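Next up is one chain by itself, shown in structure tokens, the form predicted on its own.
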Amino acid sequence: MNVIEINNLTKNYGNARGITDVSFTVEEGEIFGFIGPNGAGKSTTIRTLLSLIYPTSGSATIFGKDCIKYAPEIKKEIGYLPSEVFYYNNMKVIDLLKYSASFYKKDCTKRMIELAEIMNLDLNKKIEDLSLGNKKKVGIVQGLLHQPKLIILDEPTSGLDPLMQQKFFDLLEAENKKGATILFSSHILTEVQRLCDRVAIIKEGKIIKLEKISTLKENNYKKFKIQTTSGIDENFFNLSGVNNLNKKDNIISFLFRGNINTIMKKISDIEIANLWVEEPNLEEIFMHYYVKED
């Protein structure tokens, strides 16, 4: 079952770019990554999906229901964390969270306290006294306190220190194991690589790749780093399948996709001092797709 279905979703802002013909699905129980640099169209897609803004054309459903027609009903089962959070400064954290919980018509007190303890959030502080990171913690607790079936996160870790980020990732994985579906939007690719099953890559408002994380990493991509005993012309590796080539002094590095025997035969023609062959990380693969598209 698909929890989210987006079909040719388009949002125009006059002369400004929005999103064009965005299409993808998110399966029940999946952690789905939505990646691209800032300004690529991630937030516009999410806000349109949540009917916070209306599409110019195309359609989207959540739980099989039209996102606009059934928006109030759908939102009862969604936890949403926007990229930036804004609150009433003169309220205490506990009062803000209780106010938020009141919209779900169920007692969220126990879960609220559990989440606050996990995220090391002081419930008795005023919002205006919180740092950026602690305000983001409020947003995390607010988004999860009603135990939603679908969690939508837009750049969720900004402002969190590394320890809190790890606790947050552990929390998301725990929610996923309990059955929650997660849409995780980020420009920090190591986060997506850490958490997600599949990923959609967006560039300038358009989806340019939809793939499993494992396939992106394992589809014959290898990262080569070669130290030679003497200088070498970088054009020596001007071969089909070689991408992201960089040369500094006697060290040359690149991504290679294809039959590994081909590149090893080429390497055997030069004198090498050292050789490293690794799996590339998602960021290196991601940049390859952007360069490829350009």
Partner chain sequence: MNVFIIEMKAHRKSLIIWCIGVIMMVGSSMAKYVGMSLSGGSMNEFMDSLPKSLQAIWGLGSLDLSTVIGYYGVIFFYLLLMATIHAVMLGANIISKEERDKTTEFLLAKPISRNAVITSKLMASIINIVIFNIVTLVSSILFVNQYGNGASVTAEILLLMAGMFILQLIFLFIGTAVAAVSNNVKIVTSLSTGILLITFMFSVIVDLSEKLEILKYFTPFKYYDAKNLLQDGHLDPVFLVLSIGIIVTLSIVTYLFYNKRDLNT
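This is a predicted model, so every value here is computed, not measured. Positions refer to the first chain, counted from 1.
Quick note: we don't show the form predicted together with the partner chain, though the next part is all about it.
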query	finding
Touches the partner chain in the predicted bound form: Pro72 (any heavy atom, 4.5 Å)	yes
Proximity of Gly133 to the partner chain in the predicted bound form, heavy atoms at 4.5 Å	no
Partner proximity in the predicted bound form: Gln147 to the partner chain, non-hydrogen atom cutoff 4.5 Å	no
Close approach of Phe184 to the partner chain in the predicted bound form, 4.5 Å, heavy atom	no
Heavy atom within 4.5 Å of the partner chain in the predicted bound form - the one residue of Ile251, Leu239, Ile267, Leu52 that qualifies	Leu52
Heavy atom within 4.5 Å of the partner chain in the predicted bound form - the one residue of Ile118, Ile188, Ile208, Met91 that qualifies	Met91
Non-hydrogen atom within 4.5 Å of the partner chain in the predicted bound form for each of Arg47, Pro82 and Ser100	yes
Region of this chain that lies against the partner chain in the predicted bound form, out of 100 to 108, 158 to 166, 196 to 204, 172 to 180 [heavy atom, 4.5 Å]	100 to 108
